[in-house]
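Consider the single chain below, provided in structure tokens and representing the form predicted alone.
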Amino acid sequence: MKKSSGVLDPKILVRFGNVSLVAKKIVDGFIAGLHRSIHKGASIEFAEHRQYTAGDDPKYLDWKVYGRTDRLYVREFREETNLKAYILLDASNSMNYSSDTDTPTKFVYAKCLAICLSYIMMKQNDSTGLVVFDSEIKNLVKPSSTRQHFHFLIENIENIETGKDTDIGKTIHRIANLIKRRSLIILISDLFDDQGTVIKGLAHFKHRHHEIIVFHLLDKAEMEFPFEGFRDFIDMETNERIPVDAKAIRNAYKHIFGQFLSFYQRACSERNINYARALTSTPFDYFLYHFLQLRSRKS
């Protein structure tokens, strides 16, 4: 894997806080010359009609079809149908955790990753949408590949704040019912929810023939549990305070957490779901490199 440069260090986010600026530098500095197009071949060949929805470009309206049916339809072309992607961004309160002042929260890291992926796809004229959720869908932006849409998408991502507790599984089911056309689904989450319910939600996407990439974000302390002595641990989603002897429970915690990680890795593999895990202290190019490798293998 290509060695990380300073601009890819997550500490840049903590130091400067401008998510979109950092994301642009990451992409501009890393993907040049690395990412071959995932398109099967650019074309303006007519592909199909679909019913007009608010926000579609009026220049693609087919007035002949309107004259016959009294309904508005837009024409789609091959270059517009090569890839439609939805980024599913977990905005539950557990994503707001960071164990270190030099490390961004999982949510800030996730937002930067979402902008990076959007920027990559925009440069390739791919259509990108966004769904933000906690225990419900907070925001849904339909895919488009225009520059104006990209700026609208980035503005949405930058302004998102974490919300309530999470219900990933049920919310994913709702999202799957909303996305009718075959798409690339990119889930960015810490996956802190009932594991079986989450996997059932992802399986719903597979049933609808979507391709899925899961980016599993974690803080280093969540994996290593480096705490000492008697401490009060607070559930970030319920605010429940639990006093524990950290040293006494460390081995049991790490065993349970290891099972949690193994379950997701195994369950995704069994369902042909692309799964990538990284810590928020990991350089961003890990995610980008993994994503690009996945895409190139599918080309």
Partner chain sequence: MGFLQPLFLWGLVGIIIPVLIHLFSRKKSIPYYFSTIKFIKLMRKRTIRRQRLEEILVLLLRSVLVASLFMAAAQPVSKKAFLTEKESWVVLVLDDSASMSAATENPWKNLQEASEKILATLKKGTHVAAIFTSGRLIPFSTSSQQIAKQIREGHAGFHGQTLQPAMEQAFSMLEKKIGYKKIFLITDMQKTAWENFSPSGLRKVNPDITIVDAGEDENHINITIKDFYPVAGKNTYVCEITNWSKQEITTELKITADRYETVKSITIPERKTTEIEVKIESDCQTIKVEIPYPDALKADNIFYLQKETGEQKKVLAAGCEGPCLSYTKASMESAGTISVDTKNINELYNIVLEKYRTILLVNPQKLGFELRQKIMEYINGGGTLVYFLGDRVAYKDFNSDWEAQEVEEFFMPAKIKGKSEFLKPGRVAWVATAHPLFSEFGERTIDFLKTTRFNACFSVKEVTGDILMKLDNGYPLLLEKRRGKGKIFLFTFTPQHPWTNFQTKPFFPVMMTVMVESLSGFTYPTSVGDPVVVKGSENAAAVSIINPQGEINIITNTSKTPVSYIPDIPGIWTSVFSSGKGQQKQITAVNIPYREGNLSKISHGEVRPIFRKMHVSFINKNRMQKIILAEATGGQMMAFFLEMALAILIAELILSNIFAFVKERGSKNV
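Positions refer to the first chain, counted from 1. Just so it is clear, the model here is predicted, and its values are computed rather than measured.
The same protein also exists as the form predicted in complex with the partner chain; that form is not shown, yet it is the one meant from here on.
Participant: Is S127 close enough to the partner chain in the predicted complex to count, meaning some heavy atom within 4.5 Å?
Facilitator: S127 lies outside the contact set for the partner chain.
Participant: Contact between D57 and the partner chain in the predicted complex at 4.5 Å, heavy atoms?
Facilitator: No, D57 is distant from the partner.
Participant: Although the partner chain is absent from this view, report whether D62 comes within 4.5 Å of it in the predicted complex, heavy atoms only.
Facilitator: No, no contact at 4.5 Å.
Participant: So, K106 and the partner chain: in the predicted complex, are they within 4.5 Å at any heavy atom pair?
Facilitator: Yes.
Participant: If the criterion is a non-hydrogen atom within 4.5 angstroms, does every one of T53, Y86 and R147 touch the partner chain in the predicted complex?
Facilitator: The answer is no: none of the three residues contacts the partner (heavy atom, 4.5 Å cut-off).
Participant: Among the candidate stretches 90-98, 202-210, 139-147, 117-125, which one is within 4.5 Å of the partner chain in the predicted complex when only heavy atoms are counted?
Facilitator: Within 4.5 Å of the partner lies stretch 90-98.
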